[in-house]
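What follows is one chain in C-alpha cells, specifically the form predicted alone.
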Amino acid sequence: MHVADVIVSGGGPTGTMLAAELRLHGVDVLVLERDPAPNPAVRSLGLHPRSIEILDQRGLLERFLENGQQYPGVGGGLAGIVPPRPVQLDSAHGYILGIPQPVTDRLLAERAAELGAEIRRGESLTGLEQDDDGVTVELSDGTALRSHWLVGCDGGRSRVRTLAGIGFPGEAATTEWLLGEVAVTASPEEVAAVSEEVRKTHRGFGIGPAGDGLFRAVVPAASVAEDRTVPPALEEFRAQLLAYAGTDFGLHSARSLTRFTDATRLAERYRQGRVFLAGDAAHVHPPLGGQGLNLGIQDAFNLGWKLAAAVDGWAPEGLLDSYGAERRPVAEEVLTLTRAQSVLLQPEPGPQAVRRLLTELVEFDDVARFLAERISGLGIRYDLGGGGDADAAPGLVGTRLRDLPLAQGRLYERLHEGRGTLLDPSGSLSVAGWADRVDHLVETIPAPEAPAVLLRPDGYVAWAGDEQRALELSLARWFGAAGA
C-alpha cells in the first residue's frame, strides 16, 4: 500500500514549499489539500527579507518579483513604530516584497508541481497510525494511504497534530478582528482620511486599496466568535465599520471575509515518531507584522533537506531532531513579537505609554537594527554547538550567509539544487567522500567571513575554519558518513 515517501497534509505555502524542497532530492511526495480550490482570501500581504533570500537561493525570486512590489525598509513592522532612519541590513534584499497570499500560494504550488510533487485537492486526512516503518493515513472518503513520513502543514486547527497527540498550549483568543476585501462607494480620498483619523485612537483599524478596485479592511469584532471557521457576514462587517469609523464607506460585494484573533499557541514538540509539524500546525499567533507565512516557509526550508536525507538513507543521528531544536525557539521569539504588538495596539494608557517609550528607543540605531533583524528573519542564529575555529570566524557558525559575489555569478545562484556547499578560497580542503552531497567551490570569500565556510543546504553556516580534520567532523555531523 506504499503511496509516497512523504505525505504532506496541507497544500498552503508551507506544504508546497516543503514538497518542492523534497522533490529537489528526488523524494516521492504527495500533498493532500482539504479545500477543492485555492483560497482567495488575502491573509498575508508580503514576504520578509529572509524569505526573499530563500526564494533567491532556489532560483524562484524572479517569478515572485514579477508578481509583487518592493517596499524598502523593514523597520516599520513592529505595530507601526518606524525608526527615524532606514535600517541598513546585511542582505541584498533589504525590503519587504508586497505580494498577496493567493499569488504566493499559486507560485509555490506551481513550483512543487514543476518538480514532480503530486497535489490532490479535496482530500482531507481523518486518521493516522504509525509504526516503526511508516505512517498509514485515513482519508475522509474511507481510503487509506501509506508513507514513510507524514508532515502536518494543515493549519492552526491541525488534524495531524491532534491525531499525533502533540499538545498545543498557549493563550486562547481574547480579541478578534474582521478582515475583508470589499468594494466601497466612498472615494479613495474619503477612505484614507477617515482611516487616518480612526487609527489615532484605534490602531487595530485600517482600510486601504487592495487592487482590482477593492479595499482591504480590518476592524475589531464585537466579540470573539464561538466558531471562527464561519466567516463574518457582510452585515456584521458593516456594523463594526459603523461602530469604529462612523461610516460603512458604502460597503458591498466582498471578495473575501474572514476572522483572526490574538490566540497564541506553540506545539509542545515538532516531532512525534514519523510525524512532523510545520507552519501554523506548529504555532499560531496574531498576524501582526506579517510573521506567519514567512515563519512557515522557513520551517519548510529547514525541514526539507533533513527529511530528504532520512529518505535517502544518509541522515546522521540527530539530524531529524535538529529541526524542532532549531525552529521551535525561532517560533518562541516570533510569539514574543506578536504578543508585544498585540499589547501595543491597545488604546489603554498603559500600552500607549509603552508605545511612546519604544518609539523613543528605536531612535537608537542598535535598537532599530535589533528589531529589524528580528522581524525580517535575518537575525536568526541556530545553536549548533561549535563547528569551527572561533578565532577565524567569530559569531559566524549558526547564522545564514549573505549572498556573496563569486568569480562566476553569485553564491545564491550556486545553491539552487539544495546541496551542501564548501567555500574554500585556498583550494586546500576536500569533500572527498561527501561529493555526492556537498559541492566544493574554490572561491575567494570577501573578508571578514572566514578562511573557509561549510554551508548546509538551507544556507546556514555549519563550520568555518581551515583544518581538514575539523571539516570532516562537521561533514559527518551534517551530511552523514563518508561514502554513505
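Here the structure is a predicted model, which is why all the values come from computation and not from measurement. Residues carry their position along the shown sequence, with the first being 1.
Another form, the form predicted together with a small molecule, is not on view; read the next lines as being about it.
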In the model of the complex, is there a heavy atom of the small molecule that lies within 4.5 Å of any heavy atom of P287, even though the partner is absent here? yes
4.5 Å heavy atom contact, R43 and the small molecule in the model of the complex: yes
Contact between H416 and the small molecule in the model of the complex at 4.5 Å, heavy atoms? no
Contact between L125 and the small molecule in the model of the complex at 4.5 Å, heavy atoms? yes
Non-hydrogen atom within 4.5 Å of the small molecule in the model of the complex for each of L179, F260 and G279: yes
To test your reading of this chain, name the stretch in 33 to 41, 436 to 444, 455 to 463, 54 to 62 whose heavy atoms come within 4.5 Å of the small molecule in the model of the complex. 33 to 41
